[in-house]
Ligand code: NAD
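Shown here is one chain on its own, the form predicted on its own, set out as structure tokens.
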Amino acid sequence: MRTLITGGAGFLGVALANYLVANGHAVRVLDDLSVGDPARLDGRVLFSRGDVRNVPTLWTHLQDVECVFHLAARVAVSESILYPQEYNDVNVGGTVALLAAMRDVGVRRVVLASSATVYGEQPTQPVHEGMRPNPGSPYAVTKIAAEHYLFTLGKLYGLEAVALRIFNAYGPGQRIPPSHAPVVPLFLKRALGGGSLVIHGDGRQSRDFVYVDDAVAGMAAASMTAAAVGQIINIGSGEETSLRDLVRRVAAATGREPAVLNNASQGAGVSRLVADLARARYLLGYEPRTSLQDGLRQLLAKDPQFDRTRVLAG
């Protein structure tokens, strides 16, 4: 299969690109490098720098492509509250531009990386794809809008469209920026360095942490399964973990007992969020293989940024 991954130099994009090329697929990556790192891509991946909103650029990179994985997006929930216009421009405008370019070139299959944040606060758990979205941030709104454009334009243009609502993915290669850092690598690095873990709220809020290899397997399956066309599908672990429990697991994985600070001044987000995987199992044969504890161990073993000597020295 000949594929294009937009946003393919980011955390999930690199993992997906390297997985696909290792399994014999031809992979192109388009990324604007606002946060991505092409140095982590397999040498067999054809990388180009460019903006997903630029339709002529897309025409060039879509030639002879059979499937597009659309991962290009701004992804920080708290940042989206400060810059909603930019998030709408990239996440929604980029999706519309891509779909129009696919129509022009004649590419049929597209897999959108949507987000579990679209669910927001729900009365019951686990959350399934039939639930009405309840977005709590501009980022979540942009993902819902992208899904609607995906299926509306998909029908009008004759595209084979799939939307994957990906839960809290983590794994080797995930950046830890100075602000808006993902919680799993942040907690690990702070624990190894003897720092305190800051929890917003009381720590009872729960999330579904899915190891990157499992998320990639779900994305790959969605690109090759006819039954997935026209569907929204959850991709997660199906395992509900509170932040308090995450702290305990980080302590076990690192062999350290970090101090925990509760910050009541900042919102804790939704109270609970865990994926119902029934549709993914039925349509994709999807089955997550990595437990959170195993995933933490693999992350520590495989990611150079968690080298204990360097963390302690820093």
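Residue numbers here begin at 1 and follow the sequence given. Note that the coordinates shown come from a computational prediction; the quantities given were computed from them, not determined experimentally.
Here the subject shifts to the form predicted in complex with ligand NAD, a form of this protein not shown in this document.
Is ligand NAD in the model of the complex near all of 12, 33 and 73, within 4.5 Å of a heavy atom of each?
Checking in the model of the complex: 12, 33 and 73 are all within 4.5 Å of ligand NAD.
Is there a non-hydrogen atom of residue 199 within 4.5 angstroms of a non-hydrogen atom of ligand NAD in the model of the complex?
Contact with ligand NAD, no.
Spell out, yes or no, whether the shortest heavy atom distance between residue 166 and ligand NAD in the model of the complex is within 4.5 Å.
Residue-level check for residue 166: yes, a contact with ligand NAD.
Partner proximity in the model of the complex: residue 51 to ligand NAD, non-hydrogen atom cutoff 4.5 Å
Yes - in the model of the complex, heavy atoms of residue 51 and ligand NAD come within 4.5 Å of each other.
4.5 Å heavy atom contact, residue 113 to ligand NAD in the model of the complex
Residue 113 belongs to the contact set for ligand NAD.
Of the residues 97, 90, 183, 140, which one places a heavy atom within 4.5 Å of ligand NAD in the model of the complex?
The residue from 97, 90, 183, 140 that makes the contact is 90.
Look at the stretches 25-33, 59-67, 255-263, 272-280 and give the one with heavy atoms within 4.5 Å of ligand NAD in the model of the complex.
Heavy-atom contact with the partner occurs in 25-33.
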